[in-house]
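Here we start with a single chain on its own, the form predicted on its own, put down as structure tokens.
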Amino acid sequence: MQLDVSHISIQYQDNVVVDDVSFQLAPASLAAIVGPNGAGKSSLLKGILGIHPLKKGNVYFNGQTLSSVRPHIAYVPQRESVDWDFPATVLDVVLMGRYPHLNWWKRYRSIDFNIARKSLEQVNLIDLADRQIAQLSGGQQQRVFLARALAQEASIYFMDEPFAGVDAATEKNIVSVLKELQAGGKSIMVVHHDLQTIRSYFSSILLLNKKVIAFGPTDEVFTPERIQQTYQRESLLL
């Protein structure tokens, strides 16, 4: 699915946090959104997804508006934004990803359970399917929400810091899943902070500091000069 973002701006009270941002994400892209704290990375995702209203601009998915394609869009929020005390099992949470595919009486079918379990297998959590979500570690919780997105069988995925607070093994597992999605023709946008892993994880990168500093293939865009411009620092280890 192609994403077209055209001149969008997002404002919180009197503060413009995303300013006239435009870019085009091609199908089968695995892209990072990179920039300093307060650069508008999470706000950009929320604006694209209609979670926060746009001050101006337009967003299209394959030429269609968000409301027309919403079942085909998956979102993995920051783990800190989720109420993990909600009384639900791991399987219950992953099944929520099947909601856009349910029939009119909104009852889960055997295919929904099968897809949910397959999604848990992809993130190596099938053995914890009956565990209460609050009993999991931070990294396990992150993988549960990734599994929920996988169960949705979306065409484009938006993920807000999916590697935050996870161990190296979990991060490796998540990266493997993302690359499998890309190989299957899916598009993925990820808010990411670790500059050391950009080149090995992502095929393209959006450098953002309220405005777009640069966007394109990682090998072309991820240069010391543009990183310096994005972070407004004298030097940065790449």
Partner chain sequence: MVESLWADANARTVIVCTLLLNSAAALIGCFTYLQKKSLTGDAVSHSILPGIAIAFLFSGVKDLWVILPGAFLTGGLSLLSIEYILRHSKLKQDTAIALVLSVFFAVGVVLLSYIQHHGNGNQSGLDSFLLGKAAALLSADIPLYFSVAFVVVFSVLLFYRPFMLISFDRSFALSIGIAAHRWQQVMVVLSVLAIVIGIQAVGVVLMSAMLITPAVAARYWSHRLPVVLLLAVLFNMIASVMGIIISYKYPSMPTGPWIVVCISSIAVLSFFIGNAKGILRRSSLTVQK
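Positions refer to the first chain, counted from 1. Model, not experiment: these values are computed from the prediction.
This protein has a second form, the form predicted together with its partner chain, left out of what is shown; the following refers to that one.
**Q** Please tell me which of I51, A26, A183, A169 lies within 4.5 Å of its partner chain in the model of the complex, judged by heavy atoms.
**A** Contact check passes for I51.
**Q** So its partner chain isn't shown here. In the model of the complex, which residue out of V93, M159, L120, A154 has a non-hydrogen atom within 4.5 Å of it?
**A** In short, V93.
**Q** Any chance L136 has a heavy atom within 4.5 Å of its partner chain in the model of the complex?
**A** So L136 counts as contacting its partner chain.
**Q** Would you please decide whether N103 lies within 4.5 angstroms of its partner chain in the model of the complex, comparing each non-hydrogen atom pair?
**A** Heavy-atom contact with its partner chain at 4.5 Å: present for N103.
**Q** Does the 4.5 Å heavy atom contact test between F163 and its partner chain in the model of the complex come out positive?
**A** No - in the model of the complex, heavy atoms of F163 and its partner chain never come within 4.5 Å of each other.
**Q** Give a yes/no on whether A88 approaches its partner chain to within 4.5 Å in the model of the complex, heavy atoms considered.
**A** Output for A88 is yes: heavy atoms within 4.5 Å of its partner chain.
**Q** Every residue in Y75, D83 and Y99 with a non-hydrogen atom within 4.5 Å of its partner chain in the model of the complex?
**A** The answer is yes; Y75, D83 and Y99 each reach its partner chain.
**Q** For the stretch 123 to 152, I need every residue with any heavy atom inside 4.5 Å of its partner chain in the model of the complex, listed N to C.
**A** Heavy-atom contacts within 4.5 Å come from L128, R131, Q132, I133, Q135, L136, S137, Q140, F145, R148, Q152.
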